[in-house]
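So this first bit is one chain, no partners, the form predicted on its own, shown in structure tokens.
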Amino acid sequence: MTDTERAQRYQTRMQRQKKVVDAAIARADRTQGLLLVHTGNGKGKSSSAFGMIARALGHGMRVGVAQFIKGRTDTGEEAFYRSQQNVIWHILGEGFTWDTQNLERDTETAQRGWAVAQSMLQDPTFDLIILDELTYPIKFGWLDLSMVLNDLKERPPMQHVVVTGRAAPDALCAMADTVTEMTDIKHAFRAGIQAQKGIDL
């Protein structure tokens, strides 16, 4: 095949692709607040959600973060975003369940945390809310799934919400507009490498 033929074939293929993309864009004819779920066993669920904060801030949007489970205040993302004018950041957990080892205490902590999340979900001044690691309090039975789904359903119509965490419930995924599953192929921790600042923390 000559360079000219290759170039022509490429142009034809891209013209077909453009028609498909243009048609899809034309079908997307409404706006609404989106519910996104980042789940799966792979790394990057929270990191992806926190990256969306930067995108939202670039558009002058107001962002709320509710971190369940995690109780540490020394992560890079928390240190950076807490200093941003349009970000409200709540650390609502006390650490992983193997650290606390107390069902009643973990349940009470999660329910107090959800009260904070509820207040944000009822506040139309929040354009984007990140509910980080929310799937765990649901999975462990600390929070009632039907209550969580109802609060998500009743939020302001243009409010976007991102839920992160492994093993997202089927009902939550069914309700979501976009669901992404992170796949765990390889992880440095299993090779004995500590969590690294700027990468994991």
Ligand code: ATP
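Being a predicted model, the structure only gives us computed values, none of them experimental. Position 1 is the first residue in the sequence shown; the rest follow in order.
There is also a form predicted in complex with the ligand; it is not shown, and the following applies to it.
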- Arg30, Pro157 and Met175 each touching the ligand in the predicted bound form (heavy atom, 4.5 Å): no
- Look at the stretches 130 to 138, 52 to 60, 167 to 175, 144 to 152 and give the one with heavy atoms within 4.5 Å of the ligand in the predicted bound form. 130 to 138
- the ligand contact in the predicted bound form: His187, any heavy atom under 4.5 Å: yes
- Query: Given that the partner is absent here, does Met1 sit within 4.5 Å of the ligand in the predicted bound form, heavy atoms only?
  - Reply: no
- Message: Contact with the ligand in the predicted bound form for Lys43, defined as at least one heavy atom pair within 4.5 Å: yes or no?
- Response: yes
